[in-house]
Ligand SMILES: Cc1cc2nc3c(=O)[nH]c(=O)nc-3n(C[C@H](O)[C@H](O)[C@H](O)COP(=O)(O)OP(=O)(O)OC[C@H]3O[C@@H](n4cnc5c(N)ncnc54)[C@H](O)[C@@H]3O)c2cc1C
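Take a look at this single chain, the form predicted alone, given in structure tokens.
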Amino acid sequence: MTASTCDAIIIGGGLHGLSTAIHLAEAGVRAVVVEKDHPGRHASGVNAGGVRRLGRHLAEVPLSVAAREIWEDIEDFVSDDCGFTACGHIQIAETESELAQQADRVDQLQALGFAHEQLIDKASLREIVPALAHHCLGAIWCADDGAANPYRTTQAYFRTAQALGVRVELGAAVTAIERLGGDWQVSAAGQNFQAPVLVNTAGAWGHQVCRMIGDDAQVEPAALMLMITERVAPFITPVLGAVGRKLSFKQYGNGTVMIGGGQRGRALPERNIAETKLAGMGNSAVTVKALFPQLGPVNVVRCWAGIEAMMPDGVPVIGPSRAVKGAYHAFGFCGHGFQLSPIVGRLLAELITTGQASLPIEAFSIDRFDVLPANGSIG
């Protein structure tokens, strides 16, 4: 079978894969994106849409700050504002020890030269979130963080990639990856694609691509759950989290409230589905009621879960393959890759075209994992 040739093959058509394709196209590199479902089917399109720098792992902070600069003018990148609003993010402290922990965090960031997180007291907290329970003592506040619409964002990336001439093959699960001389050959949906560069942005299936080329990464697929309430009167503007609770919480303009924050359903990547669990949603409801008692009688109207790739150290894999030249990875974003997508695509494109990334990515190297023999396929 004759192979279609290009400059780069990208496996995974979520935000990071499409972002990489866009940046490569702008650099004159012809890419093919191979996606087993459709853009946004899993993590990219079903997350909370947080555009936050607040609470990032220290290694992620430079990337997140650079990504926020792109989000400020996201329409210049993908010809759509993606529903982005700079509504602010706030992380509350309910105890003195949590407040002290936050103070240490802000001090760390300031020592590194970052001032986007601010420690605020109880009075300032109540000015920003007056409906919050009175026992809350303070918070970290990041006024310029925000949120966007995940589905709209994914579709904007998809349209932009296509407009730049990127070929996106949908419903094309990868069945084989071979090394042919200096090129890669990827088989998917009865077609063969050949290129000197291979990019793995396969999300929760990223470790399968790794093993097919001789790398390894300890990926745990997880079904992170979200739920939406009925409409209620406006009571909160920023996205809210908490030091001691698994919580991501925001109110939309139509009055509905989105509740998430780490509660897990059941991830079944081999069947391509994620199942919700009522117990986990109940835990989220209890958490919200503790912080906003007035929401006790509010009904939940729908819920869902998407399959995310979780890493044991909580940070993604970004960078070149350890096993072989000409292959690159960007996966394992642990439920917080949405905001990073425009900058990660740029960094991968830099690696591919110049051999060097413009921001520090050593902490995300796949070298931190053991090697397993190459085998497997993506279903």
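Position 1 is the first residue in the sequence shown; the rest follow in order. A quick note: this is a predicted structure, and the numbers were derived from the prediction, not measured.
One more form of this protein exists, namely the form predicted together with this ligand; it is left out here, but the text below deals with it.
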Partner contact check in the predicted complex: of 346-354, 24-32, 320-328, 38-46, the stretch with a heavy atom within 4.5 Å of this ligand is 38-46
Taking the shortest heavy atom distance, is residue 173 within 4.5 Å of this ligand in the predicted complex? yes
- Are any of the heavy atoms in residue 56 no more than 4.5 Å from a heavy atom of this ligand in the predicted complex? yes
>> Would you classify residue 337 as touching this ligand in the predicted complex, given a 4.5 Å non-hydrogen atom cut-off?
In response: yes
**Report entry** residue 117: touches this ligand in the predicted complex, heavy atom cutoff 4.5 angstroms
**Finding:** no
Looking in the predicted complex, the residues of 12-28 with a heavy atom no more than 4.5 Å from this ligand, listed in order, are 12, 13, 14, 15, 16, 17
